[in-house]
Structure formats: structure tokens, C-alpha cells
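This document starts with one chain, in the form predicted alone, laid out as C-alpha cells.
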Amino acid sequence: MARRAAFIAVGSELLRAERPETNSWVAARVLRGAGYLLTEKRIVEDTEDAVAMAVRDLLSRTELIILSGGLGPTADDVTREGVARALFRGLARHQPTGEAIAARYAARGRPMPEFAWRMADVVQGGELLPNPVGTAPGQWIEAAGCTLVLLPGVPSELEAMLTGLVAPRLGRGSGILTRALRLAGVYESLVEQRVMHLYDRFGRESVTILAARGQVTLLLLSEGPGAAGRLEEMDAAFAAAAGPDLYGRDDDSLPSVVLARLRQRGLRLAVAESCTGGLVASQLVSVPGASDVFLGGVVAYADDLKRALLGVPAELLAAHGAVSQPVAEAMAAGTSRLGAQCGLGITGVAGPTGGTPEKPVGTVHMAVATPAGVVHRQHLFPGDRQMVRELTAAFALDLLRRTLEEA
């Protein structure tokens, strides 16, 4: 069985500012390779009491606790003190480490302030871990059947120490394997209905459904003897349940899969976007090497640009309005002016204003034009302006993927 691990992120800024906590994601990935499953994570403020309370609560329930942040020299860096309080231990200064830190300051032409010596304080019974890319060292502490590892909060430093120092010391364990099945053009509730019959077979705890806007990920987990074979069995069963909504695995992204399909078909793509305002093009060019099949696009928000740049007939706009099937299809076909053999056209009402009883906010028309013809879809998306735009981009890329696969 997998060993249990917990993660504590120390930093008031993670609670009171718009700053995401991402170190636990790295820890979860690295720890799986060492046979540990991250079962809980917390974010606590920069106080000794908060750190101590979190550590004491987790000590009896986990075999490993990773703490991130609060190891620097300033007054709000209190992770060392909080852990020492939780374990009823003191702190001892490690003089050689302090001198090494002072030498780093000197090499940068700065004297080390007296308070920076705190970075050389180690919890009694603990061991300092050298920081290969930063200044503040980490610590390794054994306590009551649990290992505590204190690491800097700077992401690059934490990852370097986790992969280079901590994981090798933890060992491989029993092995935990994971696979992510990527789905698009579908909602979480529908995926749940399709796969729930497999829970009895593989265990509900072995499957996690992760929902994003327009996409769903099935995260499969297998551990222990025969983990590899069981994971392949799970993959086959859940992929069959997902059907054509499955577009890839693990590191595959929807834009990268679309670009791969275009290469396979020998087609070049251009996009014509209205309500998404270039969001689809931005996602495509985020993939390295996209330029071999993606030519670019037109953000035609105004009707005048739809006519002038994409050749959308004025009579279509007058008869059906900009948000309509005929206009979306004409926008997709109009990308041929850019030299594309494949075009994607998108037009809709993102809100919060502009909706009508016939075309309420969230109404979106999208079309894909290929040498085989034109495919159209209409959607009514929920949410605010940003949500509508993000859902539109995901569903439009997925329509393009499915069209290329079926044509």
C-alpha cells in the first residue's frame, strides 16, 4: 500500500493575496515516484501557532509531512520555530551553515545582516539539507514515526531539492502509477454517469474526476504489485466508457492534439474569431512548432471586418445577424483568404449585455470548414463573460478535433 503524505504551505500571502499555491502539485508528482500518496494539504499563515497546530494534527495520521516556505531570514519566516514548538524541541544554530550563507552574501558584494543567521537554525535532532539553487537550507527531521521535510517556498528551489535530495532518500516504495485520460466537449456530470459502473471493479478511490471549462480529466491511480498491468486494464475500460470524447492522455493538450491531426491530414489552419477575441489562436500558438500548420487568424469583432477581411456577405449579416449559423459558416470558409485549407469560425454573445430573447447571453455558433465540407454547432453556455469565452474556445477546438478525425 502507498504510504501517506501531507503537505503544508506556509505563507499568509497564499491566503490573502491572489497568489496560487503550486508547490503541492510538484510534491504530489515527485512523491508518487517514491511510493507516497499525498492525502492532505493545507495552507497556513506565517505564525508559529499556525505551523505548530498543523504539524501536530498531521503527525499521527501520515508517514511524511512536507512543509514549504517560511525558511528565509525575515521575521515572518517562522516555519523552523513552529515545527520546533510542535515537536517540543529547541533550535540549535549550525555554525558552518551560517558561515556558508555569509559567504554567499559576500560573493554578491553584501554583508549578511545579523538576523539572516536564523537560516542556520536547525530543529534539535534534525539535519540540514543543502539548497543547490538558493540560500535557505531545508531540514530533515524524524519524529514519532513521521518524517518532516522543511523546504523553501521558492518553486524552483523546492523542486530542485525534492527531486535531487528528498526523493532519492525516500526511495521508490511500492510504486504508484497514474494516468490522465483527457476528455473534451463534455461536462463532468455526464462523464460520471458513463464511468460510475467501473467503480465497483476498480475502486472509487482509484479514480478522480477533474473538471475544467469544456474539458474533463479522469485521473487513474494504481499501486502495489501488478500496478502496471492494472493501470493498463483501467485505461482500456475508462477509455471505452469515454468514447469519442477522449482526445489524449497525460501531457496531451487539446491544442496540441488538434495541431497533430492537422499535420496528419496535411492541412493548414486559420481561425476567424469574434466573441473569443483571439483566445483560440492564443491557445494554439502556445504549443511549440504550431507554425508549421497554423497560419494565424482574424479577430473580426465588428461586422465591417467580417465583410472586409473574411468576405461574409452583407445580406447574410442583415438577414440572420452576426450571431448565427450562416455567419459562423461564412467566417470559417472565409479563412481560405488567408491560404488555409481548414478554417474555424466563431461568433456569439459573451455578455453580460447584448443578449436577446432569441439569442440570449451564452449563445455561440461555431463552424469548421474543410475540403470535405462545413460542420456547424450551436451552444448555449452558462456563466459570466470569461466563462462563456473559455467554454467556447474549448468546445470549438474540440469540434475541430472531431471534424478532422471523422473526415
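Quantities reported herein were computed from a predicted structural model and do not represent experimental measurements. All residue numbers are counted from 1 along the displayed sequence. Each form is matched to the other, and the largest set of C-alpha atoms that superpose within 1.5 Å is called the rigid core.
Not pictured, yet referred to below: the form predicted together with a further copy of the same chain.
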Q: Just give me the single entry in Ala237, Ala211, Ala160, Ala180 that has a non-hydrogen atom within 4.5 angstroms of a further copy of the same chain in the predicted complex.
A: Ala211
Q) Of Pro360, Pro382, Gly373, Pro352, which one comes within 4.5 Å of a further copy of the same chain in the predicted complex, counting heavy atoms only? A) Pro352
Q) Of these, 65-73, 362-370, 24-32, 341-349, which stretch puts a heavy atom within 4.5 angstroms of a further copy of the same chain in the predicted complex? A) 24-32
Q: Please run the contact check for Gly296 against a further copy of the same chain in the predicted complex: heavy atoms, 4.5 angstroms, yes or no?
A: yes
Q. Any chance Ala92 has a heavy atom within 4.5 Å of a further copy of the same chain in the predicted complex?
A. no
Q) in the predicted complex, does Leu59 have a heavy atom within 4.5 Å of a further copy of the same chain? A) no
Q: Look up in the predicted complex whether Thr79 has a non-hydrogen atom within 4.5 angstroms of a further copy of the same chain, and give yes or no.
A: no
Q: Pull the contact list for 305-329: residues with a heavy atom within 4.5 Å of a further copy of the same chain in the predicted complex, in sequence order.
A: Leu305, Leu309
**Q.** C-alpha of Arg263 moved at least 2 Å between the shown form and the other one on rigid core
**A.** yes
Q. With the core lined up, does the C-alpha of Val349 move 2 Å or more between the shown form and the other one?
A. no
Q | Core-superposed C-alpha of Ala340 shifting 2 Å or more between the shown form and the other one | A | yes
